[in-house]
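First comes one chain, alone, set out as structure tokens in the form predicted alone.
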């Protein structure tokens, strides 16, 4: 936990009220992003994202699987997050496990929609190979290397970047003479299809401190929050998911305003990530 004196707390609250935060940012400004792709060669896709002193890595592995009987026309995605004990003292022991579970659940809410997959930010139908029989299972693993606040947004950005770096192997399918036969699938080691990230959202978390809310809160700012709302928005402005944390309740009109602000901020964030992805890919080719 962040220990702050009364004077430090007043300084944080006063700065946010005046739209001048401790590090010089305005309330709705993110810290600079630093993006790397292809950081884990064994994975189908990977990325490292630094947001200030917050540092996260995401890897993506694609494996053949069988579609769920409830969704025979869709592939499957699982998201897991691990918080390194060296990232922050509170990550040691049960604290890290609880935060890992909380982040994994929140990311699934933001990227995969409800239980039916409605509103999912990742197109699960693109992962199907043979309906009802063979699909791709994507395993998305996140690692928190260091934490200075806003882990959810940083991990979501890393997932989006890693998916843009993901190649899905081409497959040849032999369906067999009978519809009941299990198809034979030949997976290429040389040809890959780029994963379509056009509908993959970013996550913008609005943290309420006093009467105002801010984006990309640092650990010190998060220690002063009453509540936070995280909204996942794609480049078309569509809401893919929403999650709230913190004990304080929010009036519906405030939540609607926060969603509106998140949609506005998300478009600039997507533009920044697009530029960072292009730069990272150009560096990787050199």
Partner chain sequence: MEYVNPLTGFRLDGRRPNEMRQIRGEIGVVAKADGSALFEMGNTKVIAAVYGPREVQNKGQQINNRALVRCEYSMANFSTGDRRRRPKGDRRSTEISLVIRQTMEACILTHLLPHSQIDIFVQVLQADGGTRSACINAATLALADAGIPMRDIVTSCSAGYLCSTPLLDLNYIEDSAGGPDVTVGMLAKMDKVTLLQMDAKLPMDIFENVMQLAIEGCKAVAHYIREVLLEHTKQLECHRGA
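Residue numbers count along the first chain shown, from 1. Computed from a prediction, not measured in an experiment: that's the story for all the values here.
One more form of this protein, predicted together with its partner chain, exists but is not displayed; see below.
Although the partner is absent here, residue 120 sits far enough away that none of its heavy atoms falls within 4.5 Å of its partner chain in the predicted complex. Not displayed here, its partner chain is approached by residue 85 to within 4.5 Å at the level of heavy atoms in the predicted complex. Although the partner is absent from this view, residue 147 contacts its partner chain in the predicted complex, with a non-hydrogen atom inside 4.5 angstroms. Among residues of the shown chain, residue 196 is not one whose heavy atoms approach its partner chain to within 4.5 Å in the predicted complex. At a distance of at most 4.5 angstroms from its partner chain in the predicted complex, all three residues 42, 80 and 89 contribute at least one non-hydrogen atom. Checked against its partner chain in the predicted complex, the residues 258, 240, 228, 57 give one hit for a heavy atom within 4.5 Å, which is 57. The partner is not drawn, yet in the predicted complex one stretch among 164-172, 67-75, 134-142, 198-206 has residues with heavy atoms inside 4.5 Å of its partner chain: 134-142.
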